[in-house]
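Take a look at this single chain, the form predicted on its own, given in structure tokens.
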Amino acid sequence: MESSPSAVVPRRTLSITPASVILVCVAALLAIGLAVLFSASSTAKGGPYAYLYKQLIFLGLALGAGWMVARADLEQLRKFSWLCAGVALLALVLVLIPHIGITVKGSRRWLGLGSARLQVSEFAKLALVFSLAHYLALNQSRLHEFVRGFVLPAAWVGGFAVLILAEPDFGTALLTGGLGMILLFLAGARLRFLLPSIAVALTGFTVLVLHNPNRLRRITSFLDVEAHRGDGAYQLWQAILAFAAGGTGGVGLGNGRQQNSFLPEAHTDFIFAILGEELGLWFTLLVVALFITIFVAGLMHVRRAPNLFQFLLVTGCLLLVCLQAIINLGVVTGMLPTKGMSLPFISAGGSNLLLMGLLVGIIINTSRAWARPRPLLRKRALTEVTG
């Protein structure tokens, strides 16, 4: 009796997905950030490892949060989108109340419990993206209407932006409002509604800046850095000196002078200047290339979205990472007026790192979900795809 031929077992091939590329880029950015923070901790009040230890703690929390979100069912979580948005709005109101919100350098942006602080606006941005994606997907067939397709979602975006503006946090408010308008446009809202409202919002924003002495000083200092290098443009001038000192190869980790109290916020908003001084031009270009790769891979990833909700959600997450990086890099290199905004995955800051963990977790989640076969779409998802 002849034995039957053994079954041929197909080989497993290693597939490189856009989400895996994003994950590798994020890991590289985190490694660079930890190295620079280790160097920046040399003059910290809490000891030579103060910034590094704190960042590692929040990195662990961010990885845990990202892991949980990556394994969740987004369509089930979607049921709680309005609850998440309501909690975020309540937190944005609470942070404005004296003796509840924590004020630092004239801005009331944090809620605290003991020594722990949470920057509410960071998570409000994700709550806005989550709830707005849900609303626009439910009303996809009515986005041509003025009230349902524009007034209501625009008012929702404006509510978040105004509360953040009241902290005051002009940069994050502008980012939040701009992100909301982009999602409205991508969902299919009419340009004849969007363009006039954007023009009015930018005009109002400009008026507020012109009537705010601190913000106006930042603008005038930005326009003539050398003339204001001793006052309004001091941070930017020191950042420019850091890049010049670093050259192409850098002075080496721990050998920079800007971290020795010359450059304020060296470990947070202006950490890119420390990176340029100590690691040089090639590492700064590497950081820029990593963010560009994240954006391109993200664009390739969202093309596979099965419905409008997940398309808008992932696009919003991608833009939260990349727009924030663009703003920070633009500020530190003198291309944009000074604005306190963290560099994703690199700057010290627990709230922003937790947010980035959640954003990456959502992208990984959708990569896993979209790779599974879907023989039958849910009724609501089918409605969203067909409109």
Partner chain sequence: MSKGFASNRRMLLVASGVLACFGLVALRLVFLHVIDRDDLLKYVEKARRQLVVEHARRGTILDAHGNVLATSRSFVVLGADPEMLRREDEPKWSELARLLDLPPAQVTALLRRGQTASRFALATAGEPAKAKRLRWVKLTDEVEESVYDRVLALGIRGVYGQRDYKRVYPAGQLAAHLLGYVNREGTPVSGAEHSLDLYLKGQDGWIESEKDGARRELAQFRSREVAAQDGNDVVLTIDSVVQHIIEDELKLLAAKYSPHFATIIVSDPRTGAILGLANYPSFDPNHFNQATLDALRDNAVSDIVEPGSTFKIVAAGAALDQGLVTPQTMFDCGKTVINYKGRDRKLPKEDEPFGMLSVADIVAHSSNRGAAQLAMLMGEDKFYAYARAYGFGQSTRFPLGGEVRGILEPPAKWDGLTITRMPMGHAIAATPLQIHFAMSAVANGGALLRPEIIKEIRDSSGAVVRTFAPEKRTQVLKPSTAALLAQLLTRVVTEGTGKVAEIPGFEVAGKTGTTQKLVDGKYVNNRHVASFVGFFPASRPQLVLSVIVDDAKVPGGSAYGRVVSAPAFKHIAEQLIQYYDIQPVRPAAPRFFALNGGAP
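Residue numbers count along the first chain shown, from 1. This one's a predicted model, so the numbers in the text were calculated from it and none came from an experiment.
Keep in mind that the form predicted in complex with the partner chain is not shown, yet the notes after this line are about it.
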Per-stretch contact check against the partner chain in the predicted complex, the hit in 78-86, 278-286, 123-131, 200-208 (non-hydrogen atom, 4.5 angstroms): 278-286
is_contact(Val104, the partner chain) in the predicted complex, heavy atom dist at most 4.5 Å: no
Close approach of Asn212 to the partner chain in the predicted complex, 4.5 Å, heavy atom: no
Any non-hydrogen atom of Gly334 within 4.5 angstroms of the partner chain in the predicted complex: yes
The partner chain contact at Asn260 in the predicted complex, heavy atom, 4.5 Å: yes
Sole residue of Val157, Ile164, Cys317, Ala189 within 4.5 Å of the partner chain in the predicted complex, by heavy atom: Ala189
In the predicted complex, the one of Leu138, Leu253, Leu174, Ala305 near the partner chain [non-hydrogen atom within 4.5 angstroms]: Ala305
Any residue of 288-302 that, in the predicted complex, places a heavy atom within 4.5 Å of the partner chain: Val288, Phe291, Ile292, Phe295, Val296, Leu299, Val302
